[in-house]
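Next comes just one chain, in structure tokens: the form predicted on its own.
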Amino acid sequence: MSARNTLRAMPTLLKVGFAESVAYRAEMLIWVLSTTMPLVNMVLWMAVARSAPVGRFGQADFVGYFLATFAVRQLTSSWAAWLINWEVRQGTLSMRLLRPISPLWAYAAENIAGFPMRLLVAVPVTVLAVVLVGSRAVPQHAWQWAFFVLAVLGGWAISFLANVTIGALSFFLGSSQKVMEVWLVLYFVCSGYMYPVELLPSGLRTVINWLPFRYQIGLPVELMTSAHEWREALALLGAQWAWVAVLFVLSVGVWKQGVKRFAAFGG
């Protein structure tokens, strides 16, 4: 299908995806409840900072950081790897391949269509952060809001494309869920999800800056809490979208090579 026809099909795909996210709202609520680790970390780091700030973080700063982490996690997550694994193993991917549009567009539309439901969680948490911390819990200037939106989109793109790449490995491995588990461990350690990356030693922070994990969630959170001046923020955004480009090429390449082997798994 041409790019023009794909764009014409996207509204329908988004409507179907939104209907599915509404129909499975109970599952979404369970998923939200399973992502409350930032709230646990918030309480722990508040206890650590009770007697003295940790770096530039006092108790209020940790509240703002981890509430932002919880909200951003809702907006940047993707589950495509698990879906691709399941459909490859069951052979149901063949139904998607028969349609006149790439399954990758369908997976992306299903993820994007869930954004309104995710906002129902992220917005109240952001309002709570403003109530508890004040206006510094959100960007202070128009450029900071623009950079934050770009960072959220980039974070979601990295999550989705990494999911597609790892999911497509199931064409070669039978199942790539263990690979996804390794990715998630690195994500928890390196992304800023468990603690602010800037609290790590400088050498380790330099290594993390070359990896994609920080740009999934840490960078959007840092921009939401106004942690960077615009020059530094622009450089970090450039690094984030460079990873988006790399993962786009990698995911499409692995997917196309994997689909050629799909006959071996078709049910």
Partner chain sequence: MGTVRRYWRLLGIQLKASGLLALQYRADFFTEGVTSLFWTFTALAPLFVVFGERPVVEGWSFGESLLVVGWFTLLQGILEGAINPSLTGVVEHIRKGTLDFVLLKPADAQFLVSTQRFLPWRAFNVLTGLGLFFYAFTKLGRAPSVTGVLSSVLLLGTSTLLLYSLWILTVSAAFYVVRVDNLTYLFTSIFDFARWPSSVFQGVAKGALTIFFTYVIPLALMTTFPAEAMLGRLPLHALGGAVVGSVVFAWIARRVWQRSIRHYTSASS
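Positions refer to the first chain, counted from 1. All values derive from a computational prediction rather than experimental measurement.
Below, we turn to the form predicted in complex with the partner chain, even though it does not appear here.
Within 4.5 Å of any heavy atom of the partner chain in the predicted complex lies no heavy atom of S202. For the chain shown alone, G238 is not a contact residue for the partner chain in the predicted complex, no non-hydrogen atom being within 4.5 angstroms. Though the partner is left out of this view, F188 does reach within 4.5 Å of the partner chain in the predicted complex, counting heavy atoms only. Within this chain, R50 lines the site of the partner chain in the predicted complex, having a heavy atom no more than 4.5 Å away. Contact annotation for the candidate site: W31, S34 and V43 all lie close to the partner chain in the predicted complex (heavy atom within 4.5 Å). The listed set V182, A146, M95, L120 contains one residue whose heavy atoms approach the partner chain in the predicted complex to within 4.5 Å, identified as V182. The single contact residue among V138, M194, I112, V127, judged by any heavy atom lying within 4.5 Å of the partner chain in the predicted complex, is M194. Note that among 230-238, 34-42, 65-73, 217-225, the stretch whose heavy atoms approach the partner chain to within 4.5 Å in the predicted complex is 34-42.
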